[in-house]
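In structure tokens, one chain follows: the form predicted alone.
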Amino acid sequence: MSWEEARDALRKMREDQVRDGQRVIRLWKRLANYAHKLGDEVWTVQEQECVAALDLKFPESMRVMRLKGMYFEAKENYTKASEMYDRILEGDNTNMFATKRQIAMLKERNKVHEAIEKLNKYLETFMTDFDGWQELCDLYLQIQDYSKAAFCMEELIMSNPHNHLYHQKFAEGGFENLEIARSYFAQACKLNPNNMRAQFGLLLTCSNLATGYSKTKTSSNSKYAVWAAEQVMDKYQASQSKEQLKETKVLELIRKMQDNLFPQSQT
């Protein structure tokens, strides 16, 4: 067999998705001395040979099955990838990696409701997987189920009440209650005084609240908004050059908001 025939045979096996590790190794041995003639295809052939070698040496290895699943995912062959992960879960139904990859594939194919169902089942077993709760929150936000998204963030806040990012995410989650959002933005600012995103969120919520309440609440909201505006402006001025400050529109927006707030705080 010539090296061209060996190359064509390997191509045919890839196209037909044939799994025959021994044949791949035999063909590679015929081709190895001519690898320099393959051009960029050499990387694909070497990958094929490597997977075949792993398959022969570790036929039941979960790590090898994981690699195969990821390989098929990269090729967008989700059926084969799912088969690999199912085989892993048959041997170990608590395998976190395989379940997470199945959820990721559902997201990739925009099957959001199925991903939510599978992730909920996963979190019944792994309740302390904080990344999983954040992912579930994002999925609920994607389908605009705000109450369930809020529940996910509450779970995270209870698990780690000192994480300013959890408070910030809860506040900006679109839960349609500005007073609650203000409280969580304020807590995020308290936990991390350098969290400018939380400070800007506090500025926006307080500015909106200041326009629709009694004199007492308007005054307090205006005060908080002015404080947040000063914090954001100070950070911009400390971190950017004069030329950059001239080009940015954020400071101009904040000044306009301050102009609207000062008269209210003086009434």
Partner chain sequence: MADISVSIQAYAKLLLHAAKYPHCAVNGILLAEDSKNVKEKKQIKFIDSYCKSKGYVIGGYYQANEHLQDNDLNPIARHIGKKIHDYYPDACIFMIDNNRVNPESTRDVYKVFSMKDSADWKEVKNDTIDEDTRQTSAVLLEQEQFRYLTDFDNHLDNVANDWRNTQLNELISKCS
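Positions refer to the first chain, counted from 1. In this text the structure is predicted, and so the values were computed from the model without any measurement.
From this point on, the text means the form predicted together with the partner chain, which you will not see here.
Visitor: Using a 4.5 Å heavy atom cut-off, which of 147-155, 117-125, 190-198, 94-102 contacts the partner chain in the predicted complex?
Guide: One stretch meets the cut-off, namely 190-198.
Visitor: What is the one choice in K75, H113, H162, R109 with a heavy atom within 4.5 Å of the partner chain in the predicted complex?
Guide: So the residue touching the partner chain in the predicted complex, by this definition, is R109.
Visitor: Could you check which residue among K223, K235, R66, R30 gets a heavy atom within 4.5 Å of the partner chain in the predicted complex?
Guide: Of the listed residues, the single hit is K235.
Visitor: May I ask you to check whether S183 falls inside a 4.5 Å heavy atom distance of the partner chain in the predicted complex?
Guide: Answer no; every heavy atom of S183 is more than 4.5 Å from the partner chain in the predicted complex.
Visitor: Considering only heavy atoms, tell me if L204 and the partner chain come within 4.5 Å of each other in the predicted complex.
Guide: Yes - in the predicted complex, heavy atoms of L204 and the partner chain come within 4.5 Å of each other.
Visitor: Give a yes/no on whether Q142 approaches the partner chain to within 4.5 Å in the predicted complex, heavy atoms considered.
Guide: Within the cut-off, so yes.
Visitor: With the cut-off set at 4.5 Å between non-hydrogen atoms, does V18 touch the partner chain in the predicted complex?
Guide: Heavy-atom contact with the partner chain at 4.5 Å: absent for V18.
Visitor: At 4.5 angstroms, heavy atoms only, are Q46, E60 and M62 all close to the partner chain in the predicted complex?
Guide: No residue of the spot touches the partner chain in the predicted complex.
Visitor: Considering only 225-247, what residues come within 4.5 Å of the partner chain in the predicted complex, judged by heavy atoms?
Guide: If the 4.5 Å heavy-atom criterion is applied to the partner chain in the predicted complex, 225-247 yields K235, Y236, S239, Q240, E243, Q244, E247.
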